[in-house]
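For reference, the chain that follows is the form predicted on its own, supplied as structure tokens.
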């Protein structure tokens, strides 16, 4: 992931992720079963503003967490969240790096890679599976999700979220087009509307996303020596065979 991907749009992402993470809570909680915090830290790859790290901390109250996030604006939100909670501040270490080059502990009690795997090209994905496989404690899960579409295609602009804050309404929309083999170019639009739905401000952003289906993730993980199964909302859980 390029650390500038969210330079313009990062202020909106936590707000727009709340409902999605509410839906993901139960599938991710179930997939974290078998985590081994006594064996090592839980690694949260692409931790963003910290919603995933909060869930790990809730599910595994004794776990140390390594939150890996390359985007400075996302790390700022994450550190604000940690700063307000002394308990989390003791447990979560924030690493400014991408998933593919982050320094990882020699032994980890589990790993989460939610809503981020499309930032990695296929070769980088496969390299990551190998790095995690070599570090996962016995029975500890790797949890990753696939996001549609599974193949490159034209996607007309559509609104995906609308959230009211005070007298403003924040609206997120996006469109995509194929961008080379196995990839999309997403073009996102974030608007702030006033109480009468007049435009106050608009921010646009674009980034490349490598499409991958849950079936392809399972196949890659199997090739890497893990046993993987797909659960609700295309959340894949894998353990070392």
Ligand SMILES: C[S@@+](CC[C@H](N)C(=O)[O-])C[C@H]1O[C@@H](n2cnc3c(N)ncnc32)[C@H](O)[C@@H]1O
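Note that this is a predicted model, so its numbers are computed, not measured. Numbering follows the first chain given and starts at 1.
There is also a form predicted in complex with this ligand; it is not shown, and the following applies to it.
Contact residue in the predicted complex, from 120, 82, 146, 111 (heavy atom within 4.5 Å of this ligand):
For this set of options, the contacting one is 120.
Please state whether every one of the three residues 48, 52 and 116 places a non-hydrogen atom within 4.5 angstroms of this ligand in the predicted complex.
Checking in the predicted complex: 48, 52 and 116 are all within 4.5 Å of this ligand.
Pick from 179-187, 62-70, 195-203, 31-39: which stretch has non-hydrogen atoms within 4.5 Å of this ligand in the predicted complex?
Only one stretch passes the 4.5 Å heavy-atom test: 62-70.
Is it the case that residue 99, even though its partner is missing from this view, gets within 4.5 Å of this ligand in the predicted complex, heavy atoms only?
Yes, contact at 4.5 Å.
Contact flag, residue 228 vs this ligand in the predicted complex, heavy atom cut 4.5 Å:
Answer no; every heavy atom of residue 228 is more than 4.5 Å from this ligand in the predicted complex.
Exercise: residue 217 in contact with this ligand in the predicted complex, heavy atom 4.5 Å
No, residue 217 sits far enough from this ligand in the predicted complex that none of its heavy atoms falls within 4.5 Å.
Test of understanding: in the predicted complex, would residue 13 fall inside 4.5 Å of this ligand by heavy atoms?
Contact with this ligand, yes.
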